[in-house]
Every structure is written in structure tokens, then in C-alpha cells.
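The chain below stands alone, shown as C-alpha cells; this is the form predicted alone.
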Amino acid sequence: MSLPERAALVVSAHSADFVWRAGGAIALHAEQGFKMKIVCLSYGERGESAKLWRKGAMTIEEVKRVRREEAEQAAQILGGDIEFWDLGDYPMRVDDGVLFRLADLYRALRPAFVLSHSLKDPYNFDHPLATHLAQEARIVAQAHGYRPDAPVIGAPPVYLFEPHQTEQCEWRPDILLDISPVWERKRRAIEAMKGQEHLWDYYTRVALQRGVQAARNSDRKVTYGEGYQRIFPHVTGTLA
């Protein structure tokens, strides 16, 4: 008898966020046999595509096309299954239809865990909105009264990946993930995001810093890491 497919859900506000902040986790778990579903709520066509707009003679549809191609290439490198919801950005707006769509995806996917943004980000309101959507959809998908003909989900843990300005976002990592074995894949995915080349080396430095912290807090030799913050308590039968 075959085991059920394991899956995880990544809710990314913009088309590059999942690469910078969770590319290592996506690649690592894809190698472990997880179906890594990435939902990009927006292409980041207004607020995160300055390099494209500076070229001149650019349209918003052309920016979306380029951003989509970059994100698809990055997801393929990482081993993720990506879909785009095209909700706009700067500002992003979400209605109940989007909420229920995501709740239905929870029910269908039954993720073992969920990755999304920090709860606060004074620099980018789209980021916490994505996380609030991910959390609320999780709650709806747990409710027996929502579409009672479909089985509810359990309580998948939600991990918040690292924002660009950690202190201002009140984000503090309590999980350090060793992504050294898949770092080269993450770096290739980073370089697929040509519209934001200025962030390539920045997020390489972040990975090296988290790697140093991971090595110091373990007996492992870690070079590259990613940081995550839990929302809910970790339930375990042992503290060993």
C-alpha cells in the first residue's frame, strides 16, 4: 500500500518572496518527497519591479509576464508547484472569494506545514496581509460548518519566514533550518529573479548569517541557513 503524498503550502505575497525567504525550505522538502505548493498572490508588478519599469515603454501586462516567467523558472529549480492568483500589489486587496479559494486549497492539499510572511511589516503592507489570509483560511478549513461535505484539516504548523527588516517587523527566529545541502539550487533560483538583482547578494549574506547561528546552536556543521518564527506551540512527546 502506498503512503499518501506529503505536502506543504507556501503563501507568497509577490512572485519573488518565496525565493529569497523560503527557497531553501522548498528545495529541501521537495527532495524529501513533499509536494511543495506555492501560491503567489501577486506578481509584484507595481512595487517590486522597478528595474523593469526603468527600461521605459513598459506596460503592466508585460511586467507581469516577465515576473511570471522568472518565478516559474525559480519554482522549477527549487522543485515547487507554483500558481499565480494575480491579486495586484501596492495595494493588494483580498475578498471572501479569495479566502474561500485558499481554504478549499487547504482542504485539497492537507499541508503538513505552511510558510508565509511576518505578522508585521511597516515597509510592505502586502506581506502581513498574505499571512493573515493564510491564517484565516487555515481556520476556515478547520471549521466543520464550512462545506460540511468535505473533511476538515488538522492543525498544520505555520512558520513565518524572514522579512527584509527583521527588527522593524518584530520577527525573531526560533527555528534555524540547515539549507546547506540545497544552497546551490536556492542560489540558482535567486539568480532567476533578474528583475531584482540587487537582492541576490543580500539574501546570500542572510543565508550565511543564519548558517553561522545554526552551527553555534547545534552540533552540526552548517554553512547556509534560513530562519523561521513559529506562530503556534510545537507539540512533542519528548524533549530529547
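So that there is no doubt, residue numbering starts at 1 and follows the sequence shown. Small disclaimer: the values here were computed from a predicted structure and weren't measured.
Keep in mind the form predicted together with a further copy of the same chain is missing from the figure; the text below concerns it.
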The single option of V206, I190, A27, V39 touching a further copy of the same chain in the model of the complex, heavy atom within 4.5 Å: V206
P173 within 4.5 Å of a further copy of the same chain in the model of the complex, heavy atoms: yes
Any non-hydrogen atom of K35 within 4.5 angstroms of a further copy of the same chain in the model of the complex: no
4.5 Å heavy atom contact, F125 and a further copy of the same chain in the model of the complex: yes
Proximity of R210 to a further copy of the same chain in the model of the complex, heavy atoms at 4.5 Å: yes
Residues in 100-135 close to a further copy of the same chain in the model of the complex, defined by a heavy atom within 4.5 Å, in order: F100, F113, L115, P122, Y123, N124, F125, H132, Q135
